[in-house]
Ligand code: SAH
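Listed next as structure tokens is one chain, alone, in the form predicted on its own.
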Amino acid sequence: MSRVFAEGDRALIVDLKQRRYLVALQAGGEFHSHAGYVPHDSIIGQSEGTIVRSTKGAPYLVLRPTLAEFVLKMKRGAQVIYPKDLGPILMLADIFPGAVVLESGVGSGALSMTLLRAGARVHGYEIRPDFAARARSNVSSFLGPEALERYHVEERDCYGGIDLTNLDRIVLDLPEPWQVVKHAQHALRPGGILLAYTPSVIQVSQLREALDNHGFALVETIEVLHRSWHVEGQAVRPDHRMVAHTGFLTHARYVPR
């Protein structure tokens, strides 16, 4: 059943050229563009999928943002992991409801939201207090304040050690993830998974060496390439532009020897 928009909700406003705008609805608020403005009051109380018009008559489709749309449009202080990598991370790290996950390098919270919505309990390590605050704010904004009951962020450096034990998963978005591997072998339960997102292949090489030396098995590194297609009548072809390299995903199982 569709739930009507209420004050405080996030709404995705889409114009005729498929441009997307994320707004937080406020009574008396206005969304402004070159085509006039749309009063927020014309959206509040309406169902998802409604069409509203600006003061100049331009039509806008109003929807609730998906997680992928929210990640790309939300306020952020750090570069986010993009949706094309967030989905594979859930599969490669085998995130399941109730999984206890350490995430280090929470940034703006894109990965945190993805893990939490999959049902995990997330402990975050983040060295920058402004990033930690932004991540908590974004998580609460998209998933609701109740999600914070499963999300605990500490302002600390994962390179210095991990206090948690019997973790199901460790997910890293750090410049030097190999520094965490020696701590991960004591924090993960047997069979637990470590996954790291790294932009450069040099980082991958150093990480793989550390994993090989600290009781990890079934190590694999992949990258995900995203290519959309142009489909218009009989004109069907790959788009000229694609989202190619963003980062490498390396995952491994902890097998104590």
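Source: prediction; values computed, not measured. Residue numbers here begin at 1 and follow the sequence given.
The same protein also has a form predicted in complex with S-adenosyl-L-homocysteine (SAH), omitted here; what follows describes it.
Given that the partner is absent here, state which listed stretch (152-160, 183-191, 94-102, 139-147) has heavy atoms within 4.5 Å of S-adenosyl-L-homocysteine (SAH) in the predicted complex.
Residues of 152-160 come within 4.5 Å of the partner.
Although S-adenosyl-L-homocysteine (SAH) is absent from this view, report whether R128 comes within 4.5 Å of it in the predicted complex, heavy atoms only.
Yes.
Looking in the predicted complex, any heavy atom of P175 within 4.5 Å of S-adenosyl-L-homocysteine (SAH)?
Yes, P175 lies within 4.5 Å of S-adenosyl-L-homocysteine (SAH) in the predicted complex.
Counting only non-hydrogen atoms and a 4.5 angstroms cut-off, does L90 reach S-adenosyl-L-homocysteine (SAH) in the predicted complex?
Contact check for L90: no, nothing within 4.5 Å of S-adenosyl-L-homocysteine (SAH) in the predicted complex.
So in the predicted complex, is S-adenosyl-L-homocysteine (SAH) close enough to G107 to count as touching (4.5 Å, heavy atoms)?
Yes - in the predicted complex, heavy atoms of G107 and S-adenosyl-L-homocysteine (SAH) come within 4.5 Å of each other.
Using a 4.5 Å cut-off on heavy atoms, which residues of 70-102 contact S-adenosyl-L-homocysteine (SAH) in the predicted complex?
Heavy-atom contacts within 4.5 Å come from A78, Q79, V80, I81.
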